[in-house]
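One chain is shown next in structure tokens, namely the form predicted alone.
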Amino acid sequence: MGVMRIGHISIKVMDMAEALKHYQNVIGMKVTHTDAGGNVYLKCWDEWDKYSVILTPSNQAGFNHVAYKVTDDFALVRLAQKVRDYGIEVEELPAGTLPDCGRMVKFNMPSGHEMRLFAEKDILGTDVGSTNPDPWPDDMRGAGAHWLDHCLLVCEMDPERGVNTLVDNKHFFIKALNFFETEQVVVGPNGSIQIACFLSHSSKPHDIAFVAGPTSGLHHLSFFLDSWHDILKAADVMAKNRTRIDVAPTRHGITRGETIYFFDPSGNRNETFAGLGYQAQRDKPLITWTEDQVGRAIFYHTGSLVESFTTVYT
């Protein structure tokens, strides 16, 4: 009884027409709703809830909020109280605050990122249905992403002020929301400074992750694909659509995932991610990557960091 999975992410885009071309033709999502404010709601073919990505028109790119779906209303009430008990203010949002979504609780993580929890959202069903389904739909577009998988958020770290909101977020997610830590990256004397952590509430290597940076923001939102072959095909789709690729197909040491990083037309970084990596369990020993192996942790094949990957985010 508690958090099940990422429910949706809301991001800002500067040119809605171009953003829709990207999320439909490259990622393979479908528009399911547009509201009076010009916000557009989309889902992937293998998702059953009505939407997983909300695009909001803005004069800048960036993050609005991330929402996680919980098992039921009882869990929503219980988790809201645990957030309050942790010392974080909670705002109750009535059903319909977002289209076709039940009531939500809204709060800010210690890093300042807005988060919401909800238990109900209208169900459209997957594009192949739930009775004798085919393995994929005939009208699949672009990379054909199955679902929104996770997000990586940048948390402010200022060593001079002794600030590392990544650690604050980690403790909050573990103590208040019952996530558990699967992997970490540490640097500094005796590995005393944590600069990345990966948290799960399922059997996946991560359901959310945090990395340290000079200011808080959105590093990327990630979409799941089946296999390494699908990752390579996604790269072809991106090339055909002249998508700006940040990191060409490779493997992570962290999570063992296969990946491509690229940008939507507004500059929000996306990822297509394949491979379940390993079975994450609460009793599995924490995987630690040390400072001398950070390159291999992030880009296992080359062991070399890509500068934009660590410096560019929205």
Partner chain sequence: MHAVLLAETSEEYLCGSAETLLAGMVRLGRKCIPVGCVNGGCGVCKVAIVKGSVRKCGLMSRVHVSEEEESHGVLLACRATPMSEIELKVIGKMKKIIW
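Residue numbers count along the first chain shown, from 1. Given the structure is predicted, the values throughout are model-derived calculations rather than measurements.
The same protein also exists as the form predicted in complex with its partner chain; that form is not shown, yet it is the one meant from here on.
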Hey, of 95-103, 150-158, 78-86, 133-141, which bit sits against its partner chain in the predicted complex at 4.5 Å between non-hydrogen atoms? 150-158
is_contact(Arg244, its partner chain) in the predicted complex, heavy atom dist at most 4.5 Å: yes
Is it the case that Pro57, even though its partner is missing from this view, gets within 4.5 Å of its partner chain in the predicted complex, heavy atoms only? no
Although the partner isn't part of this model, could you tell me whether Gly217 comes within 4.5 Å of its partner chain in the predicted complex, counting any heavy atom of the residue? no
Taking its partner chain as it sits in the predicted complex, is Gly28 near enough to touch it, meaning that at least one heavy atom pair lies within 4.5 angstroms? no
Three-residue site Val53, Val70 and Asn270 fully in contact with its partner chain in the predicted complex at 4.5 Å by heavy atom: no
Of Ala61, Ala274, Val40, Ile287, which residue is found within 4.5 angstroms of its partner chain in the predicted complex when only non-hydrogen atoms are counted? Ala61
Determine the residues of 292-310 with a heavy atom within 4.5 Å of its partner chain in the predicted complex and present them in sequence order; the list may be empty. Val294, Ile298, Leu305, Glu307, Ser308, Phe309, Thr310
